[in-house]
Ligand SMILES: Nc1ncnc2c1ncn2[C@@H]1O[C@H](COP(=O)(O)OP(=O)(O)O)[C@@H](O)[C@H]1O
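As a starting point, one isolated chain is supplied in structure tokens, in the form predicted alone.
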Amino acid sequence: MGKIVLNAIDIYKSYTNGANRLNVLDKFSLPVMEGEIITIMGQSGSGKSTALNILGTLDKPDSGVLEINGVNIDNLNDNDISSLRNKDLGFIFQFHHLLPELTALENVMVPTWIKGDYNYETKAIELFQTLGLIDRVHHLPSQLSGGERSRVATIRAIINKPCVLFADEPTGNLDKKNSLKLIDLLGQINRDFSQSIVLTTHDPDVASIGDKQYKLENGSLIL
């Protein structure tokens, strides 16, 4: 059996709206193995983004345990969590959040600069080559197609060799052709780099790439 790179145990999350309390996640548990693709389907408003934000340490649960590479997040301060997030976690969002004034290569390099490591340029160019973007290295985001921007964002997400890559509705802003290309790309990254991926979607075709395919209902995961 492979290594567990992320383990969420009995996560609970609620929000208050005046006198009302909305339970979003309730006994949400998810182990993620090294090299595994996990897909989570759910209707809009089911809590998929909340779950991914908590798994990715962007938000905190009300209760429960989150371990990343065996480290209990509760034992870390905010600076340690930020460092772990940059080093061990990668994110692909529906909107790419590429910095418009930076080239594709510079955008990809940002996470390594934050880490204080300026020696990743060769690795970055190798990824551009592997993922078919070598002729777009010095282009600005405005000079790239939507599909190309999504691939640049994907390279940025994996440049630090994260133990888990999170993708929140990654095809939600793409047409069918580019959606298929991105899903093929994620499959390639999983195969080539044994990359663990946790992906949320409302699209059954996208969910079908998962080694394990969950549905999020009433705050809990169902296989």
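The first residue of the shown sequence is 1; numbering continues from there. Because the structure is a prediction, the values reported are computed rather than measured.
We do not show the form predicted together with this ligand, though everything after this point is about it.
**Student:** Just to confirm, Thr50 within 4.5 Å of this ligand in the predicted complex by heavy atoms?
**Tutor:** Answer yes; at least one heavy atom of Thr50 falls within 4.5 Å of this ligand in the predicted complex.
**Student:** In the predicted complex, is there a heavy atom of this ligand that lies within 4.5 Å of any heavy atom of Ile9, even though the partner is absent here?
**Tutor:** Although this ligand is absent here, Ile9 would stay clear of it in the predicted complex, with no heavy atoms inside 4.5 Å.
**Student:** I'd like to know if Gly45 sits close to this ligand in the predicted complex, meaning any non-hydrogen atom pair within 4.5 angstroms.
**Tutor:** Heavy-atom contact with this ligand at 4.5 Å: present for Gly45.
**Student:** Though only this chain appears here, would Val206 touch this ligand in the predicted complex if you measure heavy atom gaps against 4.5 Å?
**Tutor:** Result no; Val206 lies far from this ligand in the predicted complex.
**Student:** In sequence order, which positions of 16-43 have a non-hydrogen atom within 4.5 Å of this ligand in the predicted complex?
**Tutor:** The stretch 16-43, when checked against this ligand in the predicted complex, contributes Asn17, Leu22, Val24, Gln43 at the 4.5 Å heavy-atom cut-off.
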